[in-house]
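Okay, here we've got a single chain as structure tokens, the form predicted alone, with questions on binding and movement later.
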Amino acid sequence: MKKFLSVALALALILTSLTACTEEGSNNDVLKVGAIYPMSGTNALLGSQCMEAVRIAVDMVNENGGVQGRSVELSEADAPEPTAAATEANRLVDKEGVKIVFGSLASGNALSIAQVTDKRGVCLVESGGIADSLTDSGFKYVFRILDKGGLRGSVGVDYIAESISPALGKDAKDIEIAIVHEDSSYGESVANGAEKQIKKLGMNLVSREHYNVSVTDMSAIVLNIKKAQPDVLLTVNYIDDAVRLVDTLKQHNAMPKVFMGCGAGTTDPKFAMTIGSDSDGFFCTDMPTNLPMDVFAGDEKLYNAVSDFREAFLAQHKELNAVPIAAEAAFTGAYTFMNDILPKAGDLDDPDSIRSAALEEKLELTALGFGWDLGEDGQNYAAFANINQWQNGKVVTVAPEKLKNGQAINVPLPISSY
């Protein structure tokens, strides 16, 4: 009996050991990543589109063998606002065991997520939030693939000085500009960058207004703009407030000669769909979007990836004639990080190893048309903003020269009030 018990105990120990090894091997075969986007609330449309884009990126990477032989497993989270973003970041780290988080559309959400992930040694790959503070706060494991807010504002002002001023028959220093922006870190960053560049170029800032994104009546703001009568109105909005601003400008006969939107709301497909033909000529300075495929002709693998992504996304959205820019950015962040950065990391379970790969890797081109070159602060200094414009319901790139696919129209706007 003792001999039998000894054999039984030995067998039990062997089976336990084998089970543990099997489980450990299974875990080592999977790379757990998370994605946090607002799939409910005011930004639900864009957030859901971003999540779909990340899913497509994960599927494409897995179809090509995963990352270092490990299958990528995606855990999703809905965060309509910053508090929820922090809560969901904790859940993904603690309960789902993710090593990397993709996100997050809004700067407020990005900052809340970073406060959680950075302390836990989890990497945040940000492809939406452009607030300067995200890469100016000393976070170690935050990597932003796109331009920062201050730069985007200054790019808009440069275009006003170089191209819009001549079109209006004025010297740049005679152009009068008003700024109106939502008051989160996103709006403040872009507006501050614009104001700084206006002063640097000796142009005239005649008004700066701000508001909370939940505003329901913009009459007071618009009446101040009407009083100032700027040549150009530079705006920073999300979608609902962007549409509300345009409606109120039209209602009070306060539409300026030029409407220069800087990101988010004015690039959203819903903007032109809601405003209709009056949107023709509205500028929407933002990341490069829906670039001609010949931009990627020199990189066959990237060409095929961009083509496959657009086909897969539009197959799910037959109501759209182009991929929304937020979804393009979400795909680019997730795909670039999994396809180009993580394969160079020595240890996928070590955030410092991932960080080293992210900072050391240099790419001439990503799916957004610019490269990858991170500074120590995690900012991609190869990223830049395009000058885009709504024309016949589509976003057309009018600058820079190397990426433009059309010429600017309607300067001044046909619906200008003065």
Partner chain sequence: MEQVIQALISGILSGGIYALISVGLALIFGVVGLVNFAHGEFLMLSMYIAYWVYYFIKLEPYESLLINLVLMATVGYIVYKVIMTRVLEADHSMQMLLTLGLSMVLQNLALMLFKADYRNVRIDITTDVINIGFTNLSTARVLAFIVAIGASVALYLFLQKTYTGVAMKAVAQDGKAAKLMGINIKKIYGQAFIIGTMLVGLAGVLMSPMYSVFPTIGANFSTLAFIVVVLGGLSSIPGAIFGGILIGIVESMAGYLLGPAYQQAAYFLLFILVLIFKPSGIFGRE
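Keep in mind it's a predicted model, so treat the numbers as computed, not measured. Positions refer to the first chain, counted from 1.
Another form, the form predicted together with its partner chain, is not on view; read the next lines as being about it.
With the partner omitted from this view, the residue of Asn62, Ser356, Thr42, Gln68 that lies near its partner chain in the model of the complex is Thr42 [heavy atom within 4.5 Å].
Between its partner chain and the residues Ser307, Asn321, Thr83, Thr216, the one pair within 4.5 Å by heavy atoms in the model of the complex involves Thr216. Although the partner is absent here, Glu182 lies well away from its partner chain in the model of the complex, with no heavy atom inside 4.5 Å. Contact between Leu168 and its partner chain in the model of the complex is not found at the 4.5 Å heavy atom cutoff. Residue contact check for Lys199: none of its heavy atoms lie within 4.5 Å of its partner chain in the model of the complex. Not displayed here, its partner chain is kept clear of Lys173 by more than 4.5 Å at the level of heavy atoms in the model of the complex. Each of Lys227, Val243 and Asn253 places at least one heavy atom within 4.5 Å of its partner chain in the model of the complex. This chain is displayed without its partner chain, yet in the model of the complex the stretch 205-213 from 335-343, 205-213, 103-111, 152-160 comes within 4.5 Å of it by heavy atoms.
Within 4.5 angstroms of its partner chain in the model of the complex, the stretch 272-297 places a non-hydrogen atom from each of Thr274, Ile275, taken in sequence order.
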